[in-house]
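This document opens with one chain alone, in structure tokens, the form predicted on its own.
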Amino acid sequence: MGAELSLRQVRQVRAGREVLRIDALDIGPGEHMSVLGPNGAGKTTLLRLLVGVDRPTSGTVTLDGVSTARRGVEVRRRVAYATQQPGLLSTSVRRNVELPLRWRKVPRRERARLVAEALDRLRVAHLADRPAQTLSGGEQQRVNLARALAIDPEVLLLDEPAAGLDAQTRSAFFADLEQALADRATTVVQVSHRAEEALRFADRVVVLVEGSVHQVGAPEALHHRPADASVAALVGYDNLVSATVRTDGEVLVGGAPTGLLHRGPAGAATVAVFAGGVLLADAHGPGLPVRVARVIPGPGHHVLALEGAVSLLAHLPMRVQAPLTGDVVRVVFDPVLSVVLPDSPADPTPGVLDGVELAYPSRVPS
């Protein structure tokens, strides 16, 4: 059974600067929690506190109610921490995976069984006798994870586990990671700056920006109801533009209508729009006028760079005739792929998806 992790009033100060601030966060037994944030957001600092390597400047971090700072060695026996750099020793793969089991004085025959199972789970059993330093980056990451899983930890901490891998290798790595964890009750905390990795198999996601928590929620909630512009950018919204919400709910950008109606407070706002949500409108109807600066073929779509009152990136389906570079067109925003984030802190429900409607149709077929 996985362990429960809790943080209360945690502050971490380094060189006189606060690098992490978490008032309250609970990670349930067996939960898969992802921590999403840009470089320097405090993600690795959080992991080091959870494993008890570092002590918080103030506040408490507990594992099943026991402080990780006071019972460091005992805690670390229950936690596996796979760091961003695999840090494999210059010996065989087998001995690298066996090392933490030796520290725990696991009998030799049992060690051999656990090592073989861990290597097999991560599809690197055929590398058991290879020198670890001869492995590719992807192979080293798999061995690093096999070493962590071999001790059957109650908590598994993953720090950018696929860092440095190409897209194809990264996808295969995460597919095997999911399979390796499928039948375990391990509590998992994974940190990443990539939304597709953080959201992939998480029960909940913590968004860290400049050391503070901006949102905690299920992956679906972050996609459809980002708390603010920084969260929207991290989860993959391609366009973040300043807007105005009129008293009748119409959303304007640069004084031009966007096709959105927002059932929320009037005033200054930010509109977050996925590239696929920027739609060509009727040339003679309402919409935001923009000039086509560039048209680039993409996988299954045209990529349009648009310039006007704001700069926009649009993905136009291949079935739709793309405009030419230099053309002036009108665009509207698809409410399913857009979210309005009022700038006023008084708004109690920023980014609510069902608070946005389409005022008039685009010319893109459904």
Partner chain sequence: MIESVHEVLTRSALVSVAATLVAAVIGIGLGTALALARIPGKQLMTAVVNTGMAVPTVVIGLAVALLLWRSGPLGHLDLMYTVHGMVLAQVLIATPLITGITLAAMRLLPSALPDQLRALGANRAQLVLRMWIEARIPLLAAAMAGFGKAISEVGAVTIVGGNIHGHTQVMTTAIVERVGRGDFNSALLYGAVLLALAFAVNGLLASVRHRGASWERN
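All of these numbers come straight from a predicted model, not from anything done at the bench. Residue numbers count along the first chain shown, from 1.
The discussion below concerns the form predicted together with its partner chain, not included here.
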Checking 87, 137, 107, 285 against its partner chain in the model of the complex, the residue with a non-hydrogen atom inside 4.5 angstroms turns out to be 87
Among the candidate residues 193, 214, 200, 95, which is the single one with a non-hydrogen atom no more than 4.5 Å from its partner chain in the model of the complex? 95
Close approach of residue 81 to its partner chain in the model of the complex, 4.5 Å, heavy atom: yes
Answer yes if any heavy atom of residue 99 is within 4.5 Å of a heavy atom of its partner chain in the model of the complex; otherwise answer no. yes
Is residue 73 part of the interface with its partner chain in the model of the complex - any heavy atom within 4.5 Å? yes
How about residue 91: is it within 4.5 Å of its partner chain in the model of the complex, going by heavy atoms? yes
Taking the partner as it appears in the model of the complex, which of 325-333, 48-56, 297-305, 25-33 has residues with heavy atoms within 4.5 Å of its partner chain? 48-56
